[in-house]
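The chain that follows stands alone, in the form predicted alone, written as structure tokens.
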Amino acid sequence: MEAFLYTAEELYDLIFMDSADFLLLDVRNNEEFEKFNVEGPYLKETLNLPYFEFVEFEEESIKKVPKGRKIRIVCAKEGSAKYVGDILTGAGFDDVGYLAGGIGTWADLLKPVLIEKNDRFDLYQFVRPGKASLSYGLVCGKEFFVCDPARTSEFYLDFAKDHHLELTKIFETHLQADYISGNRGIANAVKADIVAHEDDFSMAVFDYTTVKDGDVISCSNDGVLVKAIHTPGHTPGSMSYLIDDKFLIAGDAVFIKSIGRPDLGGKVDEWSGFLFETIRKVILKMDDNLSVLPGHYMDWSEMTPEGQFIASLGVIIKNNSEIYNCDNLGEFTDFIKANMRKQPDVYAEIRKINAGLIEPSEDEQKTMDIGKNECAAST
């Protein structure tokens, strides 16, 4: 018996089954494993045992892998996982798979989750578990709007093609720092409009349609309205989009846990002031019953039984009372600073890519795009 290939989609399905019983064996080096590894709500056991240990100490390494278990192996690019898989099957393990394409396929994986379906529109959340990020798709008739697309633009293009839709608009809630946007890949493929606020995109070297607070965008069949709401703080040009007066695509302005950090541009005091004003004058004046769809999640406890990341604004405000009850700017800024982690160095380069100022190779972009987000002012 030989080790077999499995896909990132199959891994996702495994770790979303509470009955799944398997060992995830990550054979990357310890440093890479600590930096970024596979997570999931029902992933019960992960073992980090580097590939080079199997090369140098094969017999001792085999003994560290429990017998009688399903084994799914992950490595950087596939080859090392196959090598270890062949060693284990040769040692008598009989259910061993290795991830096709390596950890990058998990980092890029997007899974569509239906949020709302009615006679006027469908609303999808696209979950990217490797980044703990969320993008969105609004279907109205045969028209398709995308919000905050990931770098893998072909996913959204294929989704439109498979559902016989015309992808016409790409909404950006802000200039992303933690992942590379797929907006230009989509726009170039289907001539869709990129919609963004000039406070974030004024330096962009590509065409986009400016949006401002209060703008209303409708689908071509007038089935649903999208209202733009300026919610600065995480960035000066942060926008939220209210769909059908019910769903708020909040970007990094509102998270289910915590709130978007205002220091990514290196102006923590100034941007903390923007965020404080947004909370007091915008968010706290919204309807508590609004369903908030954030741009990221912090951990799997935020996921509903249906696999959605969604919560009412009232619940979010209550559960983050230390943030939303603060009515003094100085205290709020101190709180933000006390809860900051260092932003990854690569974020500065990602912002340049998303403005079109630099264009690294595809392999370089894949590497830059790996790793969980660090966008929250974590409490």
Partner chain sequence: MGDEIKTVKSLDLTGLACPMPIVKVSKAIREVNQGEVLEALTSDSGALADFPAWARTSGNEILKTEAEGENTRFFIKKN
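Model, not experiment: these values are computed from the prediction. Numbering follows the first chain given and starts at 1.
FYI, the form predicted together with its partner chain isn't displayed, but the following is about it.
For the spot marked by 32, 52 and 56, is every residue within 4.5 Å of its partner chain in the predicted complex through some heavy atom?
-> Verified in the predicted complex; spot residues all in contact, yes.
May I ask you to choose, among 258, 278, 153, 80, the residue with a heavy atom within 4.5 Å of its partner chain in the predicted complex?
-> Residue within 4.5 Å of the partner: 80.
Partner-facing stretch of 344-352, 56-64, 316-324, 38-46, counted where any non-hydrogen atom is within 4.5 angstroms of its partner chain in the predicted complex = Among the listed stretches, the partner-contacting one is 56-64.
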